[in-house]
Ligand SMILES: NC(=O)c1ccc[n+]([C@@H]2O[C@H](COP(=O)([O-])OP(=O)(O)OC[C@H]3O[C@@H](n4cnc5c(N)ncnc54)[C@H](O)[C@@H]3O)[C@@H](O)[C@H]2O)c1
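The chain below stands alone and is given as structure tokens, in the form predicted on its own.
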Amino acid sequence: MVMGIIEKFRLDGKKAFVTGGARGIGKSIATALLEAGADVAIVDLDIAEANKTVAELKDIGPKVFAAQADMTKPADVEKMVSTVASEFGELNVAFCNAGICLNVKAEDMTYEQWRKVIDVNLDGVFLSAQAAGRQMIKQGKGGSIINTASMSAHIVNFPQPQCSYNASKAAVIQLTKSLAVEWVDKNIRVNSISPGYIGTELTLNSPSLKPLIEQWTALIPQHRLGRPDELQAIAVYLAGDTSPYTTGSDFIIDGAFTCI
């Protein structure tokens, strides 16, 4: 029996983790993977928030649990991947999403502030992708790694200063391409998504961001922020078996912001 296109998007039997999965984009992606049939580990530094998210999502159907990890610490990341593989029996999908942003002028930025952003956004993505890749290589079945980059890898955001964030996300895209080529013979696909301005709960409820949101929406051709759920379809596509020839690609979801 030939499987139809809708059935091909199902993720039944897939085992995944989502870093930064307790809230925002990570939580939305974890929800989508669960709804598509995957077992999902919600990975976050804030284990209390991760447990709250698990409680919200546990009735969707597949297995979900919380795992704590500091994505800047190799030992933490390796332990997390080992725990996920042990809990689920294997690992097929890694969504490397944890990230931070500091809006500090370049001339005022301390080296510690610069390193904090690079450590989380670039080193953290590398460490989680590396650990996932090692596990997938050991299993010998291939897999899918999806990294969260940003439209900030393609443009310079305005008016807020965020050079460290922009640089880190540009590096994530090149890292993604490099890993895709290195692991193509292992049947491990590596792609990235580049969201534009997304109206997460944190963004929408921040008093300091309210005037910026007005400026952003004026510049976005669709004149609105994106919703976290508008990133779900591309994540499900990349996670599953519908995209076997898609690797080393970056997908911009930004309401056409980078087109102008």
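This structure is a prediction, so every number in the text was calculated from the model and none was measured. The first residue of the sequence shown is number 1, and the count goes up from there.
Missing here is the form predicted together with the named molecule; even so, the following discussion is about that form.
- Only one listed stretch (164-172, 107-115, 86-94, 184-192) carries heavy atoms within 4.5 Å of the named molecule in the model of the complex, and that stretch is 164-172.
- Taking non-hydrogen atoms only, Q160 never approaches the named molecule to within 4.5 angstroms in the model of the complex.
- Within 4.5 Å of any heavy atom of the named molecule in the model of the complex lies no heavy atom of A233.
- Residue contact with the named molecule in the model of the complex: S128 places no heavy atom within 4.5 Å of it.
- Looking at M136, you'd find every heavy atom of it more than 4.5 angstroms from the named molecule in the model of the complex.
- Just one of I252, L11, L238, A22 comes within 4.5 Å of the named molecule in the model of the complex, counting any heavy atom, and that one is A22.
- Here is the short version: of I220, V54, I60, L45, the single residue with a heavy atom within 4.5 Å of the named molecule in the model of the complex is L45.
- Here the marked residues D39, G143 and G248 all miss the named molecule in the model of the complex; none has a heavy atom within 4.5 angstroms.
- Shown without its partner, the chain has D44, L45, D46, A69, D70, M71, T72 in segment 41-73 as residues with a non-hydrogen atom within 4.5 angstroms of the named molecule in the model of the complex.
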